[in-house]
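Have a look below at one chain only, the form predicted on its own, in structure tokens format.
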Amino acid sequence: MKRFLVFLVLILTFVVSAYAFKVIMVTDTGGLGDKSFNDGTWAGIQMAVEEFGLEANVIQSYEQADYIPNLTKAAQEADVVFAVGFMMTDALFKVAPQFPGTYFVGIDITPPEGSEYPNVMTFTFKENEAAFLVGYVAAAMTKSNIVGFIGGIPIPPVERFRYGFEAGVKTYSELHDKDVQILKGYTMVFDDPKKGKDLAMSQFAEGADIIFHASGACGNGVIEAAKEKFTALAGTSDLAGLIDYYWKNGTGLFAMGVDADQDYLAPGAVLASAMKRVDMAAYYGVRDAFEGTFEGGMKVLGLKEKGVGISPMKYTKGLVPNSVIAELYYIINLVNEGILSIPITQEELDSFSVPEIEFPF
């Protein structure tokens, strides 16, 4: 009898595991540990795993040639497959039609125009709106009147960050009669922190005192550069406690994070982060597939949908004047109400005119 019960338990365990709802995330070349895009997506999947009791695994891509075989392998094993990043667009729409019974979720991916894939849900974000907010803060806080932007590969999501950042800098500058220059550069990869650090060091040397990155894992190097330079300037690594120093000396060197709240990576040296809630998008994708409410198509998340925003500035909010914070939230309301439109293309940025904004305070 005892042997029979053990056998029965083993059979039941096998049956349950065989039919367990499974999610596999295929990373882009940045991989887990980027403290940004891939990590944020995985965090959202983990939220769903914990809530619904699911199984989840990761397949790492080391080069673009890995995308199709990795997605194919994942589709053969999982109920839901995540393709993470714009660079996986072509691979996703080559693989997904071959597995109509598998759900696919694309993060930062736009379906081909005119196409319909009922088993593919994609999420894109209004990165320009999040970047506008950090651009506004950067222009308000720069002492050198020079700020920097470091992108990875100039693909659409990265460029949307740049458009918004430039528009935010321009808006604050014109509203407050401040002439702020922007240095721009690209690492041309997403997985090399050294390239990010070298480029950041170059921009700091040119006079930038705040640098916003949209460069994946390369941004870890940008943040390290800011921490290193600020530590050398202040003579202490306790940058989170430098409010008095900053206001007394009027100098500081900062990075600005992207995708996730990266402020914690170098407390005090990351002024703010432009957040896009890839975690919530990932959670929604898994939830809808698991609950049977999955609908193919593209969903766009912006400020109004609470899909993007600015970090709480846990370590640096004391540096930013209350008037700037108030203006920031007033501007968010203008965007949500459709009164202020943030450029989302180079053409819109080129023709962007700062509207007349009268703050009621």
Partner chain sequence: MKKRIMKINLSAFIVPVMSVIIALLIASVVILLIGKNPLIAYYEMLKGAFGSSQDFINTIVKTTPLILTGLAVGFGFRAGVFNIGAEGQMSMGALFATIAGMNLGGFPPYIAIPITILSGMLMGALWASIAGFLKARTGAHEVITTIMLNWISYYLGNYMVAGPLSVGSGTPKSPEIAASAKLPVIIKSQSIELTPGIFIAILMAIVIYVLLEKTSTGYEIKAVGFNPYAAEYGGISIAKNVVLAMAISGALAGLAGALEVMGLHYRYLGTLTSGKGFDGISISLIGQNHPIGIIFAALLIGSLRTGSNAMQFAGIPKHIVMIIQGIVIFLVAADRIVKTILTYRKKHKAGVEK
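Just so it is clear, the model here is predicted, and its values are computed rather than measured. Numbering follows the first chain given and starts at 1.
There is also a form predicted in complex with its partner chain; it is not shown, and the following applies to it.
- Heavy atoms of Met87 reach within 4.5 Å of its partner chain in the model of the complex, making it an interface residue.
- Its partner chain is not shown here, and in the model of the complex it never comes within 4.5 Å of any heavy atom of Asp39.
- Shown alone here, Gly296 lies farther than 4.5 Å from its partner chain in the model of the complex, counting heavy atoms only.
- In the model of the complex, its partner chain stays beyond 4.5 Å of every heavy atom belonging to His176.
- The listed set Ala269, Met121, Ala74, Ala281 contains one residue whose heavy atoms approach its partner chain in the model of the complex to within 4.5 Å, identified as Ala74.
- Between the options Ile153, Ile146, Leu265, Ala234, the residue in contact with its partner chain in the model of the complex by a heavy atom within 4.5 angstroms is Ile153.
- Heavy atoms within 4.5 Å of its partner chain in the model of the complex belong, among the stretches 287-295, 130-138, 93-101, 197-205, to residues of 93-101.
- Not one of Thr316, Ser323 and Glu327 comes within 4.5 Å of its partner chain in the model of the complex, counting any heavy atom.
- Contacts with its partner chain in the model of the complex, taken as any heavy atom within 4.5 Å, map within 187-214 to Met188, Val189, Lys195.
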